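Okay, here we've got a single chain as structure tokens, the form predicted alone, with questions on binding and movement later.
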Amino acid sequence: MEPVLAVNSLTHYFGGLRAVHNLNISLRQGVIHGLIGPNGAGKTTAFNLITGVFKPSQGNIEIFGENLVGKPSHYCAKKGIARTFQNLRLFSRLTVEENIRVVQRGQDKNLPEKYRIKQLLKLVGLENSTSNFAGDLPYGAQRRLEIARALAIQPKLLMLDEPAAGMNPSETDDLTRLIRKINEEFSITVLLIEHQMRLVMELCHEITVLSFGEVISRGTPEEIRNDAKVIEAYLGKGVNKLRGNRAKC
């Protein structure tokens, strides 16, 4: 089966700074893939390259076999790539319904627009907040609204950039269930950046780990959890030395 997303030898420089080097990712339909790494590892830069915010210095990006390099963000969206951002990008003085409506137009003509919006808001638990201003919602609800707005373009690939950032444990649990529901019910492929490892380990089928723009590990959550290179990238060499000393005791 042709991959939903194929990223090959992706490399990007900001002036003389190499932000991403030789990144390769292939995502099958229906998979949840985590892209993790310490701060500054190049994760959001990779997202910006895939979604047309930046043009890569080298490499290819394909969705269902079509090369997206050099294509603008709106073209990538039309091809089925939707994303959220680290920092909320809602229209805070528009209502919840209006935030969906701005991207809903021109989508599924077989469904009345109002009905489709109602479906999306029910999915994320905001069906009773349609007339509320987006900026007045609790933080966790704003995050869920941003996901609903991304889903309004009916994506094949949903890219979530730190969706649990700033959430408390209860909100994170709700978000975990929502992402799993989206993935399972609609078979939407998900590419996820996140620092909350509990969410990553519970949700992801496979994980790629970046450090200083390069892939240092790739595998299942269990494999990543026990990879010495990953532990070192997050916590430093001293941790692995300590683990080794404890093993000898």
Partner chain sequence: MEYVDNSQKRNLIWIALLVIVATVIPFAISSFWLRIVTGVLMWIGLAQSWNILAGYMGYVSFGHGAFFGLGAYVTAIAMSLGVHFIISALIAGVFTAAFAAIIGYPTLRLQGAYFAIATWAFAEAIRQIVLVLPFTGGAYGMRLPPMLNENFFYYMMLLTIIGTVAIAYYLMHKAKFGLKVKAIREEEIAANVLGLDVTRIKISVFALSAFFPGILGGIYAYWITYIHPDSVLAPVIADQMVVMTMLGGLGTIAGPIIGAVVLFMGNRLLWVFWGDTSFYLVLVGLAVALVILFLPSGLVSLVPRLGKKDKPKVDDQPNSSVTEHTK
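Numbering follows the first chain given and starts at 1. Just so we're clear, the structure is a prediction, and the values are computed from it rather than from any experiment.
The discussion below concerns the form predicted in complex with its partner chain, not included here.
By the 4.5 Å heavy atom rule, the three marked residues 170, 181 and 204 all fail to count as contacting its partner chain in the model of the complex. Residue contact check for residue 160: none of its heavy atoms lie within 4.5 Å of its partner chain in the model of the complex.
Using a 4.5 Å cutoff between non-hydrogen atoms, residue 139 does not count as a contact of its partner chain in the model of the complex. Interface residue remark: residue 123 is not counted as part of the site for its partner chain in the model of the complex, having no heavy atom within 4.5 Å.
With a 4.5 Å cutoff on heavy atoms, residue 177 does not count as touching its partner chain in the model of the complex; it lies far away.
For the partner-free chain shown, just 153 of 153-167 comes within 4.5 angstroms of its partner chain in the model of the complex, judged by any non-hydrogen atom.
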